Structure formats: C-alpha cells, structure tokens
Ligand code: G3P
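Only one chain is shown below, in structure tokens, and it's the form predicted on its own.
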C-alpha cells in the first residue's frame, strides 16, 4: 500500500461516477480502476456507530427519509443504498467503518476519511471516528488521513488519536489559513478547485503543507493543478484521470 504522499489520484467517495457513493461497491470499483487511495465521509448513527455517508439526510442516497442522526445502526442497515443509482446496485447497504476498513486493507487502498458530523455532533463525531480509525486500522500499514471542514471535529480527533495525520478542508481559502492549519496540527490543506489560484497553491506549498483539490473530473484541469504544485486530486472517475496523468 502506498502512503498518501506518493498518491496523485484519490477516488472521491469511491469510483462514484460509476457506482453509488460511499459504498463497498464504489470502493471495489475504484480498486479495479487502479486507484491507490479513496476518500469517504464518516458520520454517526443515533447510537454512536460510525457509518459512511455524506449528507445529513438519508434521502438522496438511500431508500429512506429523514435525518441520518435519527437512525440507529440497524435501521440504517435496513435501507437500500444502491437502487437510487442503478438497478444493478439494488441491495447495496450503507457500510460501517469497520466493513470499509477491511475492504481497503485487503485491496491496498489508502483511506482518506472525512469527518462529516451532523449538526451539533462535531466533537463527538471527531472523537469517535478518530478513535475507531486508530483501533481498527492494521498497524503495519500507512496511517489513514483524517480531514474535516469542522475545526471542532479536527480538534477532537487530535485529542482522541494524536498519531493520526490530519488535513483541514475549506472551500475558499481564508486569510488566516496558515494559522488555522498550524493550530490544528494539520499536515495538509484540502480545498475546492473552483477557488484555488496558482498563487494560492505556491503559498500553501511554501508553508510546508501538502495540497489536494476536490472534485476534479477533467484531465486537463488535473494536469493544470499538478503544474501549480497540487499534490493530489479527488475525482469521481479515477480511471479517466489516471489514464491522463
């Protein structure tokens, strides 16, 4: 398994252009397409279990309705997380963190786990996701990278598992980006490709931080970002970007 520092293309929620996002099927497909790393979103069920899901509500990516935080693990597992995408994925389930980690380790996929707390659960989510990641991941493999838009979640993650590297996620780069990253003890900054400039990229790299951009599905854009010094891109179609770069 490669360390994140060696990886240029990261499968965003798995190969999510071709399979339902944040599912085992999407991660398997990413591996088949040659991806060396995946990105996923981790949040908590009502009973405090870590599942992989992006939205605060289950509506868009499952057969259910309502806020994810109101479902316990059993209820979440009863939902169909694949039929919304395509009939062949009917019966796909919302994975737990331990299920996904077993697959990633088996397929040699480096995990970049975004802590995605529901409203009011930033500290709790950061703590539990970090603790479970540190406990579940094989010690002989490169340490997973945790990221979040939530500074409170990252602070809690640092307290719970200080040995896991962290990245701060931001859509636009604020003026105090360097102070924030340093305060959180981050090794990387992840930002939207829509608002990054070449000058920004040069300053971030000069500060000693790794720089990764989301979500990049156009090969020409990926090449331009790499030319600016961007270390990695998150993409829904890893096969397309890998073929180009």
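Numbering follows the first chain given and starts at 1. Because the structure is a prediction, the values reported are computed rather than measured.
If you look for the form predicted together with this ligand, you will not find it shown, but the lines that follow are about it.
Proximity to this ligand in the model of the complex, taken as heavy atoms within 4.5 Å, picks out 114 to 122 from the listed stretches 97 to 105, 137 to 145, 83 to 91, 114 to 122. Interface membership of residue 41, defined by any non-hydrogen atom within 4.5 Å of this ligand in the model of the complex, is confirmed. In the model of the complex, none of the heavy atoms of residue 177 sits within 4.5 Å of a heavy atom of this ligand.
Although the partner is absent here, residue 54 is a contact residue: one of its heavy atoms lies within 4.5 angstroms of this ligand in the model of the complex. Within this chain, residue 164 is remote from the site of this ligand in the model of the complex, having no heavy atom within 4.5 Å. With the partner omitted here, the residue from 160, 169, 79, 73 that has a non-hydrogen atom within 4.5 angstroms of this ligand in the model of the complex is 169. Contacts between 209 to 239 and this ligand, taken as any heavy atom within 4.5 Å in the model of the complex, involve 214, 234.
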